[in-house]
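The chain below stands alone, shown as structure tokens; this is the form predicted on its own.
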């Protein structure tokens, strides 16, 4: 069965795919400004603790369920259900996860299309095509629609090739490229005036913020969302892991990679913002907070690159290559969730499923493009702030309250025969049963 539905051929391939899923645009623009706005290193320290204490156990719940069932989210949750009610809940959670991840991809594709447009812009300027450059950086419905279709076509192309020849192959190429570009950009930005001010904003702790409950809430939310939890992506990727792999180890490595890249992104974005400030670019919004989100990427940083002269063209090219890669590694994991269901439960061919589902999501994206103001924030807010936390809560419920403890241990022992003697098994069941659901509810109601 495993070979028929695909399987990661190596631990490296899985790590690149899973960390690529977790490392997205939000990590690169959201985490650094969230850190700077919440006490610098005080937030960073709190985030690091919570990522391993709370988010990692939730990640492991998805990986363990996925590898046990070797199937998509709906079938996987049904396989560990104990009666009609829990089976019905499994269907509801699985379907809600597919719908949620599809809508996340629909607005994500719009922002990712901007990244491709801004990546082509430096090339147009190098070639002296000023009219094309102006069009690429203008926020128009035609431009946004075209690049949504280009981005979704790339995503569909990779997913159509399958697990080994598509997801694993491209993630194994893209993620090392992402890290390499990120490190080179950090080294360059550190040489510029103002960079050290940004580094201090990022790494010097504001100790008074440790007593602020809002810091804890923000760090908890960042930890859960940065690991791509709740919508079934890690569950589906877990279903492609070889039975001989040590799940606690590979789960730890995924968490380390994601957190490490988020921390590296902070070493780039915050110094770059203060370099922009030193160059006369406004980096604070009307409320006095640092500009974050898409505004940071399509206004603050391009203004900085433009102020650098000729070298700025090449820095912009490298930066938006980085952003495009981060977009693509996340989007392929999102599209895989509904495609896996269509292939396994509806008997569709992978190519047909990828094209059909990708086409539907593209249509939703285009609908948002032409109704941007009322729909974009509505879709983004509902999926990431309302739906995703609740789905993550139910994944924990299935892993700790519905699935038998012996069944969970048996699955973990496939790749680690002495798992019941290790520290992971002494701590994880309690955390995923009590602490993780409570933490998710706290974040949700906040």
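Residue numbers count along the first chain shown, from 1. Quick caveat, the model's predicted, so the values are computed rather than measured.
Omitted from view is the form predicted together with ligand PHE, to which the following refers.
**Q** Applying a 4.5 Å heavy atom distance criterion, does residue 226 contact ligand PHE in the predicted bound form?
**A** Close contact exists here: in the predicted bound form, residue 226 approaches ligand PHE to within 4.5 Å, heavy atoms only.
**Q** Against ligand PHE in the predicted bound form, would residue 108 count as a contact residue? Criterion: heavy atoms within 4.5 Å.
**A** Output for residue 108 is yes: heavy atoms within 4.5 Å of ligand PHE.
**Q** Spell out, yes or no, whether the shortest heavy atom distance between residue 22 and ligand PHE in the predicted bound form is within 4.5 Å.
**A** Contact with ligand PHE, yes.
**Q** In the predicted bound form, does residue 389 have a heavy atom within 4.5 Å of ligand PHE?
**A** Taking the distances in the predicted bound form, the answer for residue 389 is no, it never comes within 4.5 Å of ligand PHE.
**Q** Does ligand PHE, in the predicted bound form, lie within 4.5 angstroms of each residue among 26, 233 and 334, using heavy atoms as the measure?
**A** Yes, the whole candidate spot contacts ligand PHE.
**Q** Please tell me which of 104, 259, 323, 163 lies within 4.5 Å of ligand PHE in the predicted bound form, judged by heavy atoms.
**A** It is 104.
**Q** Between 330, 155, 365, 72, only one gets a heavy atom within 4.5 angstroms of ligand PHE in the predicted bound form; which residue is that?
**A** It is 330 that has a heavy atom within 4.5 Å of the partner.
**Q** Exactly one stretch in 171-179, 141-149, 278-286, 218-226 has heavy atoms within 4.5 Å of ligand PHE in the predicted bound form; which is it?
**A** Of the options given, it is 218-226.
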